[in-house]
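Coming up, as structure tokens: structure 1 and structure 2, two forms of one and the same protein chain.
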Structure 1
């Protein structure tokens, strides 16, 4: 068979075969790679844990662990920074500048004695008796700007603060309140709604009794005679003339103090405040009167 015959035959075959179209083409064998079917979720991936090592084994080391090194947080010797923190009393500070600001913005009434209840009522002083807060520490920031005659009762005050208040003709007392009475002073309404009798204020614990009986600190248990001597001494120390209280028009207000057993101004221990009927119930029983007076 010659080459011519082969060509003829091939052409005959081609004529009889279907034409090349999209319907009968296919890829060359091995030209396409299909993805493998991995095991597990995400086609057998590493589930976000990374490749090799501590991360892949999900070995979450404990906080501060340095894979065998002496850890940083255990390296230095002990230092008693926080010793006795669960017993120490805290006195959240408020400065003289802030007090002056409260007065200037009419948040505090200076025609009445100021105590922690009126400062809390101003809404700009945060304190929490349940967090071992024991009242106000009056600090000396803005001591030169302070210029108001007030009768204030705080829980802690420095000598400079005492001098600043007395220089302006005011009176300052440092007084102790136990946590329970501080709860009452912080939210009196909540207590009155319970219908209980107002309790007595407790006496200070032994470690601060010295502070609250000393005249230099204007303690509420100090002798008034000694306090007036100390007022004079402090005025000489800081070099200002002590304004006379006796001739003052607010003399009665400036002389007003709480009883050491009293919590609220104008309310005595043992009384029950009835908010619903708007009346005050006072005990008459001799035994009760004796108890609340002690």
Structure 2
């Protein structure tokens, strides 16, 4: 057979074969060798798990173990600042600018006192008492744009925020709520449906009692006369004329404040709110009245 015939036969064979692609290529037979499991090196006495300890008794290393290296928590120096960080109170922030937006969009009624329940009801502020959230931290973002007369109760506020609210003729109060009271304020309907009596608000713990009794911070346990003096001092410091609350048409609303043991506006401790019958049950027994008294 000549070379020409061989070439033609090869071309005929190539035309009949499928075209080369990733779907029809494979390795040459015998080109790959897969290792086989051999005999154990230690005669099967410890099965490669070492000698006693956690390496032999569980299929994972303990948390923080770095296979013999000096672990991270020993390499880093001691930082006392972080001691008890998981017990510290947190105050999710909301700015004056956001409060102004809520007022402009009619999500908050300024003809009534504003507390954490009315802000949560707007649907644009979220907090979680089970995650060490203890209320609202009112920040000074948008302090130059805030121009509304309100009576607001928060849990933390700076001096600039207090000055911005009082400059517009408003009133601000910082008040403490225990975690159980915050759960009630977050979802009052869920609590009222249980049929339980409204509990008393707990007093502040020792580490924050100084803050909430300070007239400078507008604490709800501060002396009203000292608060009036601090209002005047703050207006002189920032150079604005302090509006007179006595001649204001919303004087009653601006002066409305909760009792230190009260959780909801208009509802006293010990009352039972019946949503089904749309009525309020008040205690009459002398022992109950004495127990729920402030």
Partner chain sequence: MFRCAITAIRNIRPIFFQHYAARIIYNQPKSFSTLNTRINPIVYTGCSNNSNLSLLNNKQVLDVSNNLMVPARTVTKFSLKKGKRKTVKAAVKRFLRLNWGVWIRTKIGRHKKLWKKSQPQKRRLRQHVFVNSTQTVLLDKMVTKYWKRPKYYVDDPYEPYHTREEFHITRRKPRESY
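Take the two forms, find the largest set of C-alpha atoms that superpose within 1.5 Å, and that set is the rigid core. Since the structure is predicted, the reported quantities are computational estimates derived from the model, not experimental observations. Positions refer to the first chain, counted from 1.
Between structures 1 and 2, only structure 1 derives from the form predicted in complex with the partner chain. Positional change of residue 259 between structure 1 and structure 2 stays under 2 Å at the C-alpha, relative to the superposed core.
Taking the rigid core as fixed, one finds a CA shift for residue 189 smaller than 2 Å between structure 1 and structure 2. Once both forms are overlaid on the rigid core, the distance between the two CA positions of residue 279 between structure 1 and structure 2 is under 2 angstroms.
In the rigid-core superposition between structure 1 and structure 2, residue position residue 77 carries a C-alpha shift of 3.2 Å.
The shift recorded for the CA atom of residue 52 between structure 1 and structure 2 is 29.4 Å, with superposition on the rigid core.
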